[in-house]
Structure formats: C-alpha cells, structure tokens
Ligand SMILES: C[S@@+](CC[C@H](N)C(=O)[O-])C[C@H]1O[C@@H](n2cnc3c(N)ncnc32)[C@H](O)[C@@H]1O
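Listed next as structure tokens is one chain, alone, in the form predicted alone.
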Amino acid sequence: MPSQARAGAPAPLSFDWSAPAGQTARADWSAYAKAYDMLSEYNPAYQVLLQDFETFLGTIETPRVIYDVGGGTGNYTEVATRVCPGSEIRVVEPDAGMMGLAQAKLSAHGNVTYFNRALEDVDASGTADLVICVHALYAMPRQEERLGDLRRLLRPGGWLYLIDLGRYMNVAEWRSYLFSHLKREHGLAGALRIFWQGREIGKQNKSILHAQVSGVYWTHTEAEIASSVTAAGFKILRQDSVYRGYSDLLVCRAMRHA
C-alpha cells in the first residue's frame, strides 16, 4: 500500500481515483515519451535536477563504467556523455519508445550501449562505478529487490545517484505551476501552445497518480526510502527533498557485502 505523504508535502486535490474503464493503473511510457523532452525543457524544476546531477559528476573521480537504469529518453545519459566522455555508459530501459528516443538523441556518442530490458534481467555484477536511477524505481515491481539489483551492479564504494518520486502526483497543482511559469516566460498564447503540444504528459501523469493511489506504483516518505536504501547495502552521504517536494534525492556509496 502507498504511504501517506509527509506533513507539508504536496497532496492531491479532489480527484476521481478510479481509472477509466478498461485502463490499467499504469502509465503508457511510450506515449509519455513523445512529449516528455519537449515539456521537460520548459520545466524549471526538472532543469534544476539535471544541473544538480552535472554538479555531482564534477565532484567525483571520473567513472569507468556508468549505468543509467530506467534511463528513459536519455537526458541524464546526455549529461554524463558530456561530462564523462571517456566513460563506458550503459542505458537500461525496458520501454521501446523511450529507448528509441534516447538512441536517436545520443547517436553521435559511441560510448553508449543500450539494454532494452528490465533491471532485474540485466546480467552484470560489480562492474559499475556509478549507477544513475532517476524517477524510475517507484514504477518498478518489488522496490526492495530492485534496490538490491542496483547494489549488485556496483563495485564496493561505487556511487548511486538516486532520485525517486515519493509523493502523490498532484496533477492539478503541477499544471498550475507550469502554466504560471510558461505564461510569465512566453505569454498566454505561448503557454497555451506549449501545453497543447505537451497534452499527453497531463494524461500520463493522471495514470501515474492512479497507479500510486492503487498501490501499483511505490510512494514513500523520506524516512522510508532512506531505510530501504540503507537495507540494500548503501551508505547515504546526502539526502534532499527535491522536485518541489514530490521526490527524494539520495547520493550513496555501495558498502562491502558482509
């Protein structure tokens, strides 16, 4: 069952929690991918996360092997290719639509390989110096086991850069936030045009909310995700509430197995 949002965290407005007839309580990631990058470019909260990741990469020794797990359309991989051009980067993404966009975006980079499969189906152990997992863990099955898989990919002392959506996706609140920002930056006509182009995002965010409320997607407090990450064999060096309070960011090192 999903956890309750912590006090002061974003909470959903009045909403019809039942999924439309015949619709499963999961997002259609391929449909989501079509507008994801376009709207993300206009989302200042998303751009802050990308900048944080780039800053983080500048504080560590250049990784030899990087995994981007649930790499989506490749935005974090793109940052890694720019900051760490000598690294071997492996993108793990089970959705073909998302991966197709990533491959097109990163086609000029010969140091990126792709695995169109789920994390648990990746046959690798102890090879990575850095694992990136951004807004993906919550949608995977059995998060405790998947955190174990992330640990399995890393060598002892390797880095985990984890961001995960923890609180309910308040679709109306996000719509208001983004529209206000776009109206200031691009005027009313520009904001309406961008929202129309990215309308699929709103539809899929509603599906994410349905899945969260029904318990299909994981929700958690800051304490709950910290406990799960620690139990999986990581030492947390930094933890922040990010993405306007909806998500948790944890920078961790992989501990040696007992």
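The first residue of the shown sequence is 1; numbering continues from there. It should be emphasised that the depicted structure is a prediction, and the values quoted were computed from it without experimental measurement.
Below: the form predicted in complex with the named molecule, not depicted.
- Shown alone here, residue 120 lies within 4.5 Å of the named molecule in the predicted complex, counting heavy atoms only.
- Taking the partner from the other structure, the named molecule in the predicted complex has no heavy atom within 4.5 Å of any heavy atom of residue 100.
- For the chain shown alone, residue 139 is a contact residue for the named molecule in the predicted complex, at least one non-hydrogen atom being within 4.5 angstroms.
- Among residues of the shown chain, residue 75 is one whose heavy atoms approach the named molecule to within 4.5 Å in the predicted complex.
- Stretch 128-136 is the answer when you ask which of 177-185, 106-114, 128-136, 80-88 has residues with heavy atoms within 4.5 Å of the named molecule in the predicted complex.
- Across the proposed site, 161, 234 and 245 without exception lack any heavy atom within 4.5 Å of the named molecule in the predicted complex.
- None of 201, 194, 211, 69 but one reaches within 4.5 angstroms of the named molecule in the predicted complex through a heavy atom, and that residue is 69.
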